[in-house]
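First, one chain by itself: the form predicted alone, in structure tokens.
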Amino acid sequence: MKYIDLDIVNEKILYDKLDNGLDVYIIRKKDFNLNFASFITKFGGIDIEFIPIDEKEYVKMPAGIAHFLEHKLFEQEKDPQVHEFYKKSGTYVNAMTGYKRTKYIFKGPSNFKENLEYLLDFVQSPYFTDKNIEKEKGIIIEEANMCLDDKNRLFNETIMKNLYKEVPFYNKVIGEIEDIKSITKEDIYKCYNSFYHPSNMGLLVVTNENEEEVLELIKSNQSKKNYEKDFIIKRKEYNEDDSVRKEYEEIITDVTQTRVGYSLKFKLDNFKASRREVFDYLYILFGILVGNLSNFNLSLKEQDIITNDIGYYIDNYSSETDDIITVHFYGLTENSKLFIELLEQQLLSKNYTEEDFDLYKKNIISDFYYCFNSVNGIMSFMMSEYELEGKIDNKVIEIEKNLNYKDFIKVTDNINLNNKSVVVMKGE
């Protein structure tokens, strides 16, 4: 057990790695009337090829199996069922499956210790039968059919599909209908036993309870459960480079306004900086060039080239052999060709000064302060750090404080448009 000092915001995170490998991070906010916990496994939609525990050969699972597994953990062998349990104390409970992680969360003002123990128990008490697997297929197929009408989901899935050639981002997180139909109880158990081991998981907690007492509760809970030690997950390694699968695609569907997704793909090694530094420098760059207060963004709205602010975000895929960064820009426009042309010009323009850099650096640091004004903000910080780095420590603010214009130029000099993918969704 140790404390991680976040001196700049006068906060401490209690951290411990339990004997079974579980990472636990707890922040106490004793004056806040809300508790929030997130139980995360490093298992998502792209994790479909691996060597199951106690086996020697790689298997390939149906797409959508991580999402299916998330659904099934909400069905317990004995009552109370998950939603019924949390409803009694007015506590919000949910789960979400992404490409790389599955998260189980609850938040509420009361019954924190009981709620936390139940979270650990229901996620770590799988109850899969042939009968309830078949029953769930109908529910998830109905959800998948509803997703076919979700234009945002179609748009975002197409972007990811066109960017990656080897890593299976081309699969839908929910899976196709045939994938869902093919899932078996044995498949689910192989995934659960392989990826829901505590050494592949993290528990993030923001609470008004005494943090050391909360840690003892977690340790006591975990000590009653048996897990194999020295557990190693063997995922398939993909030889993903920075080229894209498809450079351009148009989606013709029933939307009232054309939307454009413009994405760039890079190898992290190209930037000669740490992942955190690259993310921060790129966010500063794009804030200056296309952010909602940039002259470029305001000019495009004044000319009616776009009807909303340009959106942008940065994502990464990391493995033992590859480290890919993707950058995404979004806009609503009735002139997609002109929008893309102007966006490309702006991205290569170097329209920034050291004063611009200093201002946006201050914004990043102020955002860090702002996070700690609410339980939701603290949890958002913790989850984003765990997602990006696989851990939470005090280096993040030190890195941000040490960002400098010289290194900013070195990173931004490596921006090019060589590996891009564009998705345009427009009406019929």
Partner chain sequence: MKYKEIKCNNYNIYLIKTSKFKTINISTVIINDYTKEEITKNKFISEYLINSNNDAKNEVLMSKKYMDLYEPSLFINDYYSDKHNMICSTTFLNEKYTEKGMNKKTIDFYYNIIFNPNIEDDMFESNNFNIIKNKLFSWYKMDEEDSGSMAYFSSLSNISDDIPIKIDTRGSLEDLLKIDREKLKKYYFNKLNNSMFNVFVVGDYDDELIDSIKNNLDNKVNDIKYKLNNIFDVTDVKEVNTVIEEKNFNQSIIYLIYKVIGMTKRERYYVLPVLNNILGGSSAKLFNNVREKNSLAYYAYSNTSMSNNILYMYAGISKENYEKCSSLMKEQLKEIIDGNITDQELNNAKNSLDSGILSQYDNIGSINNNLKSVVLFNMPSMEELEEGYKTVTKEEIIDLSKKIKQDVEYLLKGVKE
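Numbering follows the first chain given and starts at 1. Note that the rigid core is defined as the largest set of C-alphas that superpose within 1.5 Å between two forms. Note that the structure is predicted; figures quoted are calculated from it, not measured.
Absent from the display: the form predicted together with its partner chain. The rest refers to it.
Note on contacts: among 295, 243, 223, 210, the single residue with a heavy atom within 4.5 Å of its partner chain in the model of the complex is 295. Scanning 276, 113, 301, 100 against its partner chain in the model of the complex with a 4.5 Å heavy atom cut-off leaves one residue, 301.
With its partner chain left out of view, the stretch that reaches within 4.5 Å of it through heavy atoms in the model of the complex is, among 88-96, 336-344, 267-275, 232-240, 88-96. In the model of the complex, no residue of the candidate spot (168, 354 and 407) has a heavy atom lying within 4.5 Å of its partner chain. When contacts are judged by a 4.5 Å heavy atom cut-off, residue 216 does not count as touching its partner chain in the model of the complex.
Taking the partner from elsewhere, residue 394 is found to have every heavy atom lying beyond 4.5 Å of its partner chain in the model of the complex. Although the partner is absent from this view, residue 384 stays clear of its partner chain in the model of the complex, with no non-hydrogen atom inside 4.5 angstroms. In the model of the complex, residue 124 stays away from its partner chain, with no heavy atom inside 4.5 Å. If you take 164-196 and check each residue for a heavy atom within 4.5 Å of its partner chain in the model of the complex, you get nothing at all. Relative to the superposed rigid core, the position of the CA of residue 237 differs between the shown form and the other one by less than 2 Å. Superposition on the rigid core between the shown form and the other one places the CA atom of residue 96 less than 2 Å from its counterpart.
The rigid-core alignment places the CA of residue 273 less than 2 Å apart between the shown form and the other one.
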